[in-house]
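Just the one chain here, laid out as C-alpha cells, in the form predicted on its own.
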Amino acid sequence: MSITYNQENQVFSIQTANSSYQMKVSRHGHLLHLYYGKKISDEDVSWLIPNVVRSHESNPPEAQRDRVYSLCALPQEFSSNDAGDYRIPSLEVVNADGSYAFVGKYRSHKIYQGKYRLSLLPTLYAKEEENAETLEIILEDEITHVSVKLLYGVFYDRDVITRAVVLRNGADSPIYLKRIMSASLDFMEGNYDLIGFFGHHYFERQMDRRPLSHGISELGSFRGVSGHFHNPFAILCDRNAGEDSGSAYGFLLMYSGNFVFDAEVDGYSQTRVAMGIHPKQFDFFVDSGECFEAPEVVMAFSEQGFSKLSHCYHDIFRENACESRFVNEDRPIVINSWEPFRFDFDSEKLLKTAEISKKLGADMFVLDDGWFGARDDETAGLGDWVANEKKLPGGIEALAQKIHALGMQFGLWFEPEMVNEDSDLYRAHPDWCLRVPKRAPSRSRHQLCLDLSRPDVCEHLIEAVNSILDTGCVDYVKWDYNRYVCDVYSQYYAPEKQGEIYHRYILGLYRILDGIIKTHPDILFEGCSGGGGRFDGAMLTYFPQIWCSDNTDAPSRLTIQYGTSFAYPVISMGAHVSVCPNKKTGRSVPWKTRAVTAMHGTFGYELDPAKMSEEELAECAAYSDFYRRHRKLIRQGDYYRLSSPYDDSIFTAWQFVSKDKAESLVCVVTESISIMDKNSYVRLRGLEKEAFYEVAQTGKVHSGAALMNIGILLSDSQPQYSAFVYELKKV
C-alpha cells in the first residue's frame, strides 16, 4: 500500500516510487506536517520538530503549562486561524458570531483504492489498472463544527500526490468563506529558491527564479483567469538545483480562475507554502449543512533536478488529465484561415486556400473568426453563433462538405464566453453581461464578458454551440477567450452574493465545457486565450492541446516553449510555422528554423499558402512529412531541455527520447553568431550509456555515454537562427 496509518503513533505515511510524505496527529489533535522529500521508511520522524520554547509565542489552551507547544512554530498540514499561528492561513471564515476563528482537529480518516474526484471541479483521474489510492482526513473545529476534508490522491508509479479540500459547514448558522487554500505545508528549513512563470501577451511563461527571503513571496492572478501574467505552477527547490541534480518540489493548481501561491519564511527560518483560490473579492456564503470544494493541487518531488520533475508532470498530464481519445492519437497538421483573410473571405476564397494548403502537407483547414452573425470586424456579431450565409452559402455544413471532399478535415473557431454590444444576443439579453450597476462597462477588443455565473447563460451557450457541432460536420474546435474579467457584478445574484461571482464564473465555464466537449468525443478541441493566457492543468482536462502563444516568431517561441515545458507536456502546446518577416517582431528566420521550433508542439501553419512559391510549398511539405515520422516520439517520449535560452549560450537545444530509449530526436537553434568562432557541442541526455546509437545526419555510430558526456559537434560557419535536427536510433 502507498498509504499507511500507524494507530499507535497516529502517523500517516504516503509513499510513491521515489518520495515520501508524512503527517502526524499531535497529542492535542492538530495535524502536523512532518516530511516531504526523498524516500524514507514509515518510521515516525516527529523528532524533526525542535523541542524548544519560542518566547512570547501563544500556546493553545489545551497545552496548559507546556510552553513548547505553540501553533506559530509547529509545522501544520492545514493551519488554524486566529489561534496563535500568525503565518499565512489555510482558511479564513467568518462565523455566525462574527469571529474568524478556526481550529481544525483530527476527527477521522479513511483510506481506499482509486483516486477521489470532485463534483464541480476538474481533477486528475486514475485508470482502473493503475496503482492509485486516496486518503481522506477530517479536521473539525470543536466549537463551530466547521470541518474540512483533506483529500490526498497518490499515483505511486508517477511520483505524484494530489491534494484538495472540501469544507463543510456543520454549524447551525451560515458562515462566510474568505480564504481557502487547497494545499498548505510547512518545511522546517528556509534555504530555498522559488521559481515562477510570468509574462504577458506574446511573452507567456517566462521563467523567474529568486531566492526566498524572510517574509512572504507571492505569485498569483486576479484577472478572473489563470492568465498570461503568472501561471498557476510554482517550483520550490534547493539553491543549487539544476536540470539533473538537486531537490525540487512542484505545485500546480487545477484551476482556471484567480489563484495565489504564497511562500513565507518566518523568523525561525521555516518555510510555509500555500496554494489555492486568490482571496481578492472572494466572499463565499456557505449555509448550514452545505459544502464548498477547493480545487486540486498536483504535487511532485524530484531529487534529480528539474528534468525528472518535468517528467512527472508530463506523464501525469498525458495519461491522467484529459479523457479525450485524441490524447493518445496523432494530431492533424492544421492550417488556419486567420492570417490569409482575417474577416474578409467567402466560401470560394476559403476553398482555394484549403486546396493549396494540401501542398504544404496540411491535414485540416480551420475557419477562424468572422463566419457568424454580422461579423465583418471585431466590433460586431460576437455571441451570434449562426453562420453568415452571405459569406458561406449553405452555412457551415455546406463548406465542411466541400473541405472534406478535398480530403481534408474541417475545424471551426468559437469564442463563446464573450459578446459584442452590437449583436443580437446583447440586444436581447443585456443583463447577461458582467457589469457594475450605474457604471459604464470596461471594454477590451470591443467585447464584454458574458456572466457565466448564471445558469441560463450557460445553458444558452451549450445549446448554441452544440446546435452546430451536433451536425457532425466539424472535426476540430478552436475555443478562444480574448480578454480578462472585470466589472465583476452579476444581476442574477443578490448584492451580498457578489463576492462569489469570480468563482461561480469558473464553475459555469466548467459546466459549459462538460456540456459541449464531453458530449462530442469525436471532435478535437484546442484551447486558446489570447494565445496562452489560460494554459493550466484544469484546461488540460478538457483540451488535449492549448495554443501556446499568439507570438509565432521562432526565436521568441524558444523562451515561451521552454518555460511552458517545466510543467506541461510538449504535445499540449499548439505551435505553428508562420510568415517572415514576423508580424509581431519583424524578424526573419529560415523556414527550417520555423519548422524545427514548431515541432516543439502540435505542428501546423499560420500563413497564406497562396503567397508561397512552389519551392517553398515543397519545402514545407517535407517538414510536414518529417513531423509525421516523429510525432509519436514527440507525443510520448521523455523530454529534455539541453540548454536554456536565458543563459549566455550560443544555441537552444532540446531532445525527445523514447521510453525504451531506442530512438531519440535532437533539435537545435543557434542564437548567436559566435558559433562561427568556436567549437560547439550539444551534450545529449536520457540515453543508455552502454548502448550504441547511429546518428542519421552524420552516418556515425556513438555510444550513449559518448553522446551524453562529449556530445555532437555542431557544424561551423552557421548564421544566427540556424536550425539542426539529429535522428538517433539504437543499433
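Numbering starts at 1 and follows the sequence shown. Bear in mind that the values here come from a model prediction, so they are computed numbers and not experimental data.
Below: the form predicted together with a small molecule, not depicted.
Looking at 110-118, 282-290, 473-481, 90-98, the stretch with residues near the small molecule in the predicted complex, meaning non-hydrogen atoms within 4.5 angstroms, turns out to be 473-481. Interface membership of P609, defined by any non-hydrogen atom within 4.5 Å of the small molecule in the predicted complex, is ruled out. Within this chain, D368 lines the site of the small molecule in the predicted complex, having a heavy atom no more than 4.5 Å away. Though the partner is left out of this view, R445 does reach within 4.5 Å of the small molecule in the predicted complex, counting heavy atoms only. Proximity of C528 to the small molecule in the predicted complex: non-hydrogen atoms within 4.5 Å are present. Taken together, the three residues F222, E417 and Y505 lack any non-hydrogen atom within 4.5 angstroms of the small molecule in the predicted complex. W338 is the sole member of F203, Y646, W338, Y426 with a non-hydrogen atom lying within 4.5 angstroms of the small molecule in the predicted complex. For the options F233, F543, W547, F102, the one in contact with the small molecule in the predicted complex, meaning a heavy atom within 4.5 Å, is W547.
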